[in-house]
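Below you'll find only one chain, the form predicted alone, shown as C-alpha cells.
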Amino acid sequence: MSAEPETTPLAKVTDLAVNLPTGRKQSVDAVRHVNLEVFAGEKIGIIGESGSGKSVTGRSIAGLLPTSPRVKLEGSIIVDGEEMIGADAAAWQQVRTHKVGMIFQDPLTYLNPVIRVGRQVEESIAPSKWKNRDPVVQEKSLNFLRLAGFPSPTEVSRKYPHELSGGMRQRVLIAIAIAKRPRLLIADEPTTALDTTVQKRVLETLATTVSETQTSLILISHDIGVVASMTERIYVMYRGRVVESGSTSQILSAPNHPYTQALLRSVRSLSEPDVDLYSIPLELRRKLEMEDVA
C-alpha cells in the first residue's frame, strides 16, 4: 500500500515582507507580500533578475537576515509546523542545526581559511564533539564528502580551503550543509562563480545528494536552465514580489505574466548565437512599476 502524500508544507511563507536599511535614514522593501511553500521531498526554484528579492527570501526562511533593529520582518514563516517570525536567536539556531541547511554562492567567504576541510564537516555533524576528534564523527565526515562527489575524501579532508578549486570548495559546502541532515536545503546561486564544466559537476552532485538524502530543495538562481533541470515548481520574482508561480514545465512553456515572458526571452539561445541579447523593454518595466503603485 502506497504512503499518503504530504498535505502540510514542510516550509510555508505567507505575506512575507522584508524592509532593509540602505542608508542612514533610508530603507528599501526588498521583499513584499511573498507567499510560497515547499513540501517534503519537493524541489522548487525561485528565479528572477538580480535585486528581485530571491536571496532575501531564502535568507529569511533560514533566519539569516542581518540582526540590525532597522531590519523589519513581517508576515509568517512556518518551518516544520513552527512559526519563526518573532522567534529568538536560540530558536533559529535550532532550526538551522536540525531542519534547514543553506549553500551560498561564494564558498571562500563561508569556509574557515585556517581549519582543514574535514574538521569543518565534522563540526557540522557534531558541534560539541568535533574538537575531540571522535573517530565516529570523522568517519561520517568522510562519508558526506564522498556523497558530495569526492572519490578520495580522506585526501580532501586534510586540505585547507585555499588548496581546493572553486568547484571543490562548492562541493565542500554541499557536504557541510547535508552533514546536518536538514529536511530543507536552500541553495542560493550555488554555481554562479563557476565555469560551465565545473557547474555541471556541482549541479549533478547537488541533485544526487538531495535525491539520496530525500531532502527538500529551494534553488535560487537567475540561471533559468539550471532551475529547469532540477525543480518541479517555480516562483518568479520581480521587484520583491512573486509575480507568477506554477509547475516548471508550465512556467517555461506557457508563462502568463508579461515579466516572465520577457525574462524567458532574454535567455541566450545556442541555436541563434548571432541574435542580439533581448532586453526587457523600459516600457514594460514602467508598466509593472505602475501596477505595483496601484
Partner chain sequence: MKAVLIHYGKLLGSSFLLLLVVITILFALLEAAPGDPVQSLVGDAPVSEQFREQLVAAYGLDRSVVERYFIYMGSVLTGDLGTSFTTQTPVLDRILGRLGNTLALAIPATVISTLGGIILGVIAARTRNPLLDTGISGGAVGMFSIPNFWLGLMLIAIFSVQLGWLPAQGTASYGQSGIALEHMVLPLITLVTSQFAYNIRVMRSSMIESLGQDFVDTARSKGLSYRQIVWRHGMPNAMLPMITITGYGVGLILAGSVLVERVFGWPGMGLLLVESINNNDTLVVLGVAIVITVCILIANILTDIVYGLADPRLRARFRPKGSES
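Everything numeric here is computed off the predicted structure, so don't read it as measured data. Residue numbers count along the first chain shown, from 1.
Not pictured, yet referred to below: the form predicted together with the partner chain.
Asks: Using heavy atoms only and a 4.5 Å cut-off, determine which of 230, 65, 36, 262 is in contact with the partner chain in the model of the complex.
Replies: Exactly one listed residue reaches within 4.5 Å, namely 65.
Asks: Work out which of 208, 93, 76, 192 lies within 4.5 Å of the partner chain in the model of the complex, going by heavy atoms.
Replies: Residue within 4.5 Å of the partner: 93.
Asks: May I ask you to state whether residue 183 is within 4.5 Å of the partner chain in the model of the complex, using heavy atom distances?
Replies: It does not: once the partner chain is placed as it appears in the model of the complex, residue 183 has no heavy atom within 4.5 Å of it.
Asks: Any of the heavy atoms of residue 173 lying within 4.5 Å of the partner chain in the model of the complex?
Replies: Contact check for residue 173: yes, within 4.5 Å of the partner chain in the model of the complex.
Asks: Can you tell me if residue 133 lies within 4.5 angstroms of the partner chain in the model of the complex, counting non-hydrogen atoms only?
Replies: Answer no; every heavy atom of residue 133 is more than 4.5 Å from the partner chain in the model of the complex.
Asks: Answer yes if any heavy atom of residue 157 is within 4.5 Å of a heavy atom of the partner chain in the model of the complex; otherwise answer no.
Replies: Result no; residue 157 lies far from the partner chain in the model of the complex.
Asks: Want to guess which of 196 to 204, 214 to 222, 140 to 148, 102 to 110 is within 4.5 Å of the partner chain in the model of the complex, heavy atoms only?
Replies: After filtering at 4.5 Å, what remains is 102 to 110.
Asks: For the stretch 221 to 235, return the residues whose heavy atoms include at least one within 4.5 Å of the partner chain in the model of the complex, in the order they occur.
Replies: The stretch 221 to 235, when checked against the partner chain in the model of the complex, contributes no residue at the 4.5 Å heavy-atom cut-off.
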